[in-house]
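Single chain ahead, by itself, as structure tokens, in the form predicted on its own.
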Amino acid sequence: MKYAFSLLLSLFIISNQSLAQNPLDFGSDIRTADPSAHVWPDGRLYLYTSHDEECQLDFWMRDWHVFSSEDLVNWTDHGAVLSVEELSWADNFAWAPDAAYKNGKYYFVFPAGTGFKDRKNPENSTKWMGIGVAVSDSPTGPFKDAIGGPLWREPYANDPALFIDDDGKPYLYFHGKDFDYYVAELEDDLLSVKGDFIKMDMGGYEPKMEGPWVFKREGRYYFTMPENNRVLTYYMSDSPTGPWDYKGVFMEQEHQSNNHHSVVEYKGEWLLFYHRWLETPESDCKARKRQRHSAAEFIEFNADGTIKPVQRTAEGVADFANRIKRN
């Protein structure tokens, strides 16, 4: 009896370990954040991330990575797709990227910058960031800086989100210093801005935001963001440029730390990718107990299209294969 109980307990522990997929297991101890998820013509899901190096100083980040999967449990690490060392106009701040497929090419949009942010004496800060575009024939790169500079230098901008509508029009959403809730329509080759920035109508509610992500579902557009850089909230609209109707929170904050996310449909399931600040006891970085790790959850919608609240879980999307079998 005692042996049987021990065996059942062991099987239970093993079973739960096999279901524990948050944070996502990329096959190494790499720290990733800001996951941007896309499904490309080859049928795989690709995740473009920023890269937190061990004990890095104040988000001084140097390259971007890509991972891919067909079952969301077993991932292929394709390595770094681009580094600030390959840029002539920036040498730091390889922050949250995004990507798109258009005209038979893969486009990688990324923020990068120069200078230094003085948190104690902000008046001494020299930090600047802009958004670049790199192009490749492959979803895993190598990507090459396509314009040799940022899309624009003013305003200071980061956190690009590239959305291509059903009619082929490309839109770039971003966080801009004193310039939030603007969108730029891009030219068809995605290498320059078409016309002026468009100030969107957010229905009178414009909180501090970072990391926008826009997607389309059943004819409705969703503008999602980490409100106050913490809690994930969203708006809905009938147009990619608004006016937008604020709908509220779909994921609460954790540890009063930043979040950055993406939403995508894959094989009939809607998925939320995001990052978590988790205790990392195996780390050599004693100054920072929590570090960022990419994670994922299923995301569901009500009949009226609104998003149901999403909870952080240990199992994440480990049940993906079984779910798609039931679809």
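It should be emphasised that the depicted structure is a prediction, and the values quoted were computed from it without experimental measurement. Numbers for residues come from their place in the sequence shown, where the first is 1.
The same protein has a further form, the form predicted in complex with a small molecule, not shown here; the description that follows concerns it.
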property	result
One stretch from 80-88, 133-141, 252-260, 177-185 that, in the predicted complex, holds residues within 4.5 Å of the small molecule by heavy atom	252-260
Of L45, M61, A295, L271, the one that lies within 4.5 Å of the small molecule in the predicted complex (heavy atoms)	M61
4.5 Å heavy atom contact with the small molecule in the predicted complex for all of H38, A161 and T224	no
Residue contact check: W95 to the small molecule in the predicted complex, 4.5 Å heavy atom	yes
